[in-house]
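In C-alpha cells, the next block holds one chain alone, the form predicted on its own.
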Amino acid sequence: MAVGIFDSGLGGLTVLDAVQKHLPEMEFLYYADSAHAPYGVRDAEDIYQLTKSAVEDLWSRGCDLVILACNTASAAALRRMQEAGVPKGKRVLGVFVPLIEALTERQWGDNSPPREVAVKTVALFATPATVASRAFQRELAFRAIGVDVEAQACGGVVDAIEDGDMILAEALVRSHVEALKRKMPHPDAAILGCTHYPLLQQVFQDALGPEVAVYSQASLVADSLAHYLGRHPNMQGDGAGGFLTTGDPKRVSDRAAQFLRRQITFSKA
C-alpha cells in the first residue's frame, strides 16, 4: 500500500520526512519531476500539463491518493485537475489546505461564512508562479476576512537549494525578507509557501524577528494526511513505495542524501 507524493524536485522530501515520522507504517512513493524542475518559473499551462502527467503516472502505479507536495503545482494545477474530474477511486490533494486550517484555526470542512481571525497581516513567501496564481489569497478569502496578505516571489531560492548551494540560498532568503518588510514592515505571521523552504525556516525566522509566527508546511501536512487517512482508509492504495525521478537517478539520489542527510536511492520514472 502506498500514497503518492509528488514534487517538481526535492522540496517535497521535507513533507515525506514528516509524514514518514507521523505514519511509520505507511508506504510512500515519491515522484520528483527533476527533468523539468523548477516549476516556479514556468507558465500555468506548462505546470498543469507536467503535474497532470506525473499524477496520472502515480495513479497507474497503484497510488489511489496523490499529495501535491509542491505549492506551485497546487496553485497552478490542482483546482483545474479536480474540476476536470479524476478517475473513480482516485484523489489528488494539495498542500495549501493544512496551512489555511492552521492560520485561520478552523477545519476545512467548516463551510460557515468567512470570519475575522486573530492574524491580520500575513507575509507569503513563495515561487513566482505561486505568487502569480494568487491561489493562497483566493483560498484564504473563503475562510477569513480582514486579512492583509503581502506576497514576495522568492526567485532563485529553489534553484540554489536544488544545487546544494545553501550559502546562496540563505543570502537570497535574507534579501527577499528585506524586500517584503519594505512593503509590510510588521507582519503578524509568515507563510513559507514552498516545500523547499522548511530547510531554511530558521533563516526566515531570524530575518523576520522572533515576534513573527512562521508557518511551515511539513508537519502541518503530516497531521492533515493522518486525519484524512483515518477518515478514508480505503485511499491507502495498493502500489509499492520508493523513489522515482524523471531526471538522472544518480544525481538526484546524491542531492537527496544531502537534503535529508540519509541515503535515498531514486529509480528512473
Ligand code: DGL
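In this text, residue numbers run from 1 along the sequence as written. This structure is a prediction, so every number in the text was calculated from the model and none was measured.
Unshown form predicted together with D-glutamic acid (DGL); subsequent notes refer to it.
Between the options V92, L99, L124, C194, the residue in contact with D-glutamic acid (DGL) in the predicted bound form by a heavy atom within 4.5 angstroms is C194. Although the partner is absent here, C70 sits close enough that one of its heavy atoms falls within 4.5 Å of D-glutamic acid (DGL) in the predicted bound form. In the predicted bound form, no heavy atom of Y31 sits within 4.5 Å of D-glutamic acid (DGL). Interface residue remark: G237 is not counted as part of the site for D-glutamic acid (DGL) in the predicted bound form, having no heavy atom within 4.5 Å. Mapping the unseen interface onto this chain, A77 falls outside it, with no heavy atom inside 4.5 Å of D-glutamic acid (DGL) in the predicted bound form.
Annotated contact segment (heavy atom within 4.5 Å of D-glutamic acid (DGL) in the predicted bound form): 195-203, selected among 172-180, 81-89, 195-203, 131-139.
The partner is not shown here, but in the predicted bound form the stretch 137-170 reaches within 4.5 angstroms of D-glutamic acid (DGL) through a heavy atom at V158 alone.
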